[in-house]
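Here we start with a single chain on its own, the form predicted on its own, put down as structure tokens.
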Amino acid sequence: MADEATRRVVSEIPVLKTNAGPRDRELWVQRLKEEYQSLIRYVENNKNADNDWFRLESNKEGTRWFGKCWYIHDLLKYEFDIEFDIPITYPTTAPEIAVPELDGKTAKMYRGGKICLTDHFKPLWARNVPKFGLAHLMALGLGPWLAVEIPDLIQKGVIQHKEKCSQ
């Protein structure tokens, strides 16, 4: 899976029990409650570890999610909008996270700014259905992707800090 620090972080994220997607009506409401509880715990743990790096919210139905994520590099904060829809076949199928402003700036991204999670994350997700949820998606999907891609994009000059751009 990952290094020891990542395993520890993931082990502190509550696993989900309800195997339900948006089509499952009442069960979906239960799954959403579990998702929010898991996300809240993960964010609290991150804040306690001084590793706060994203905010998420959803529409009323819990089928469309959006927010911000950020990455600190050389003491500069790079902030990005994120968005994703819950697939109809969720939780069997993991959501595809999009970072629209990075669309086309890296090979590890699909059209529309969807980050590539195919090789490493999706097999892990498939082995852990229905236990994994959105907090796991952030911890094992978006987080590692940002940690690899953002420093590379900065180093190549593909993205610049907003303050540097305005000077």
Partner chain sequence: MNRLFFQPHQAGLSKVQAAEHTLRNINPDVLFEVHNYNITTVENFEHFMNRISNGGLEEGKPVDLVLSCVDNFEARMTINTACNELGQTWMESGVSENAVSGHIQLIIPGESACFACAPPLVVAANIDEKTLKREGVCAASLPTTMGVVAGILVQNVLKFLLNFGTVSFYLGYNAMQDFFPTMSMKPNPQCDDRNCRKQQEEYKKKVAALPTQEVVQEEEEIIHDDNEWGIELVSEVSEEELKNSSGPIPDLPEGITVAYTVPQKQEDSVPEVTVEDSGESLEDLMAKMKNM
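Keep in mind the model is a prediction, meaning the values are calculated, not measured. Residue numbers count along the first chain shown, from 1.
Note that the form predicted in complex with its partner chain isn't included here; everything after this is about it.
Peer 1: Using the partner position in the predicted complex, report whether R23 sits within 4.5 Å of its partner chain, counting heavy atoms only.
Peer 2: Taking the distances in the predicted complex, the answer for R23 is yes, it comes within 4.5 Å of its partner chain.
Peer 1: Taking its partner chain as it sits in the predicted complex, is T106 near enough to touch it, meaning that at least one heavy atom pair lies within 4.5 angstroms?
Peer 2: No.
Peer 1: Indicate whether its partner chain has at least one heavy atom within 4.5 Å of a heavy atom of I88 in the predicted complex.
Peer 2: Judged by the heavy-atom cut-off of 4.5 Å, I88 is in contact with its partner chain in the predicted complex.
Peer 1: At the 4.5 Å heavy atom threshold, is K68 in contact with its partner chain in the predicted complex?
Peer 2: Output for K68 is no: heavy atoms all beyond 4.5 Å of its partner chain.
Peer 1: Between 36-60 and its partner chain in the predicted complex, list the residues on our side with a heavy atom within 4.5 Å.
Peer 2: Contacts from 36-60: Y36, Q37, S38, L39, I40, R41, V43, E44, K47, R55, L56, E57, S58, N59, K60.
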